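Take a look at this single chain in structure tokens; it is the form predicted alone.
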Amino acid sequence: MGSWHKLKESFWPIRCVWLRYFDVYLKNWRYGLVTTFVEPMLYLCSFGYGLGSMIGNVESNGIVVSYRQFVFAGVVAQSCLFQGFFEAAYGSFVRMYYQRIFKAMASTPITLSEVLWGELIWDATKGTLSATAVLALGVLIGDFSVLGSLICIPLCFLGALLFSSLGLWMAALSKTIEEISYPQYLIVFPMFLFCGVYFPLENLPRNIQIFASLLPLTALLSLIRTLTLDFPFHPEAMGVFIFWLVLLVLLSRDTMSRRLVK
């Protein structure tokens, strides 16, 4: 009962933090629309339609689908990665270091723990909005199943939360905003290139396949393709996904708390 009561008490402060970010988003809605929706749509048009018209069908996990379908599912996962990571990494660094918003909110009855939960949930919300737009387009043109896409939305939220946690962790470790470029080029872009967003993992050498299968984007993408394209379900992907989600959420909150408190 004590834990449940504490959870109920934390809900409203976390909601206040989320609403603060939402209000800022509404005031700059044109910028928000461009940064949230334009990028995934450009990838869809260039790869899904442009390159897809040249390639035709692809086979992965014993399933044959059009390249456009394959890429659409990949861009759903990619949206969770990019939107979640960049919003949390750069956005939270600015709010922490330059604007001092975290400390300002934590000086109110809202605790630092609640501020960080509100930050992560907002970052994950932006990633989910972007991924949902891609899912909706996939349903409208008949590439995705309706039921699978609906079930995919909460999965996308958890995926965006995972990558938001990665971004928040990197922001907490970075002394300057330029240092966020290191994980951007050494972690985020390699996942984007080698986790099966634009081509089946089976095309890669065996050693790279094994390494890629341990990365969170590969696991998320496997689950998304299972729901939207009826690809075979891989239980190990669920295990990898949950492992990274729990680990990064704990690391990000602990590291950012220690940075702000010292």
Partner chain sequence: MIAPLQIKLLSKSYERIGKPPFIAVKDLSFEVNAGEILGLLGPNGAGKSTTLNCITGFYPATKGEVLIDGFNVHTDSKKAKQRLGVCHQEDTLDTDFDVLDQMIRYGTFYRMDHFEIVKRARELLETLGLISKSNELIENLSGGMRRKLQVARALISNPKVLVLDEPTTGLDPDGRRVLWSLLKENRKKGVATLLSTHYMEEAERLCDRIAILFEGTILDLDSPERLIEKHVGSTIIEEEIRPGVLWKRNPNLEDVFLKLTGKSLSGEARNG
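Remember, it's a predicted structure, so these values are computed and weren't measured experimentally. Numbering follows the first chain given and starts at 1.
If you look for the form predicted in complex with its partner chain, you will not find it shown, but the lines that follow are about it.
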Check your understanding: Though its partner chain is not shown, can you say which of M191, A133, I180, A106 has a heavy atom within 4.5 Å of it in the model of the complex?
Key -> A106
Check your understanding: Counting only non-hydrogen atoms, which stretch in 67-75, 110-118, 168-176, 139-147 is within 4.5 Å of its partner chain in the model of the complex?
Key -> 110-118
Check your understanding: Just to confirm, R206 within 4.5 Å of its partner chain in the model of the complex by heavy atoms?
Key -> no
Point to revise | Partner proximity in the model of the complex: C16 to its partner chain, non-hydrogen atom cutoff 4.5 Å | key: yes
Review point. So, in the model of the complex, is I101 in contact with its partner chain at a 4.5 angstroms heavy atom limit?
Key: yes
Review point. Does its partner chain come within 4.5 Å of any heavy atom of K27 in the model of the complex?
Key: yes
